[in-house]
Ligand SMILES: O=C(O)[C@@H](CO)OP(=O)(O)O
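Okay, here we've got a single chain as structure tokens, the form predicted alone, with questions on binding and movement later.
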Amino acid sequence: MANAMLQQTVGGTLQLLSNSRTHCNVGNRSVRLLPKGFKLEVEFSKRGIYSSGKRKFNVIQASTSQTSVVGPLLAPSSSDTVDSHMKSNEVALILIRHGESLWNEKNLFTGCADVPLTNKGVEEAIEAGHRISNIPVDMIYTSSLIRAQMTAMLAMTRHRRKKVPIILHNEDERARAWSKIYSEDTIEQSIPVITSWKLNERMYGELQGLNKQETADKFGHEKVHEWRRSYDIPPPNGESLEMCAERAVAYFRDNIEPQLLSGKNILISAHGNSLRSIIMYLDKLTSQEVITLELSTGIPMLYIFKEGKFIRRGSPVAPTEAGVYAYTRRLAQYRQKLDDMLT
């Protein structure tokens, strides 16, 4: 990820993941940050803020044995009273299936083909943004496909907090260097967007680009229905839902869930099957239950992550709809903070 990140391992060992060289204060000690590969033996006992020059690092203790330190683009500023208010044991997780794509419109198997949104898809993404405009978002995860990225970006243009989503480019050293942001104020008003192919749509193999109706006419409706809706039967040279779930759920557990545990409010913009896989994990659905789950394009779904449990709250209806906020006092408080700040 962009910016420095430290991870504490068992026994109080810090593994430095940045190649930067600077100093920070830990308690009454001055600690030099060394190149990648070095380890620092440091003990943490409570939440704190460590600064290096003008760059602030939020330190959030998730448990008595694990602490994460997140760089400024990856965490809201400690001075941001609206966003820091939500940092507790209760955070929001928003899932959005991308808006209608050009191949959805043409009734083609899309899979991992990278096609953009239609005008209708753009409108769906904007409407999704209205629905989540009062819900805090600290980080965004999308697939590597443009339709999911467009949906996330368009949705965030309607968010009342007016932070700017910025895609992090970590392909190589040059990509990281060229995308560096030099304004601390700009960083504080930004939301990191992390992309991963592991959140991509299910790969439909030899069906990709084929018309769904024509394919059903050719191979038989039962066979095509089996390819599309069974859990463990893949289309020719493609992925089954089970195979898609293996990569999507593993990515969620390894990368997104730790951010939720650290207090981040997360938006995931992805696809029908990768999101079905994640919902299967969140709601503990069986393989038979998940194959009947249908997700509409552009409709956000809200979960509250509290005390290690995911609680589904449905879809916010509109910015003026009070119902969804009644599910959690913290969301209502966040919305009130926005009202106070923006009026």
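Everything quoted here is computed from the prediction, not taken from an experiment. From 1 onward, residues are counted along the sequence shown.
The same protein has a further form, the form predicted together with this ligand, not shown here; the description that follows concerns it.
None of R174, K162, R229, K218 but one reaches within 4.5 angstroms of this ligand in the model of the complex through a heavy atom, and that residue is R229. G111 is the sole member of G121, G129, G111, P192 with a non-hydrogen atom within 4.5 Å of this ligand in the model of the complex. Y141 falls outside the set of residues with a heavy atom inside 4.5 Å of this ligand in the model of the complex. Remark: K264 does not count among the residues lining this ligand in the model of the complex, judged by a heavy atom distance of 4.5 Å or less. Using a 4.5 angstroms limit between non-hydrogen atoms, K212 touches this ligand in the model of the complex. The closest heavy atom approach of N200 to this ligand in the model of the complex falls outside 4.5 Å. With the partner omitted here, the stretch from 164 to 172, 183 to 191, 249 to 257, 103 to 111 that lies within 4.5 Å of this ligand by heavy atoms in the model of the complex is 103 to 111. Residues of 240 to 278 that come within 4.5 Å of this ligand in the model of the complex, judged by any heavy atom, reduce to N273 alone.
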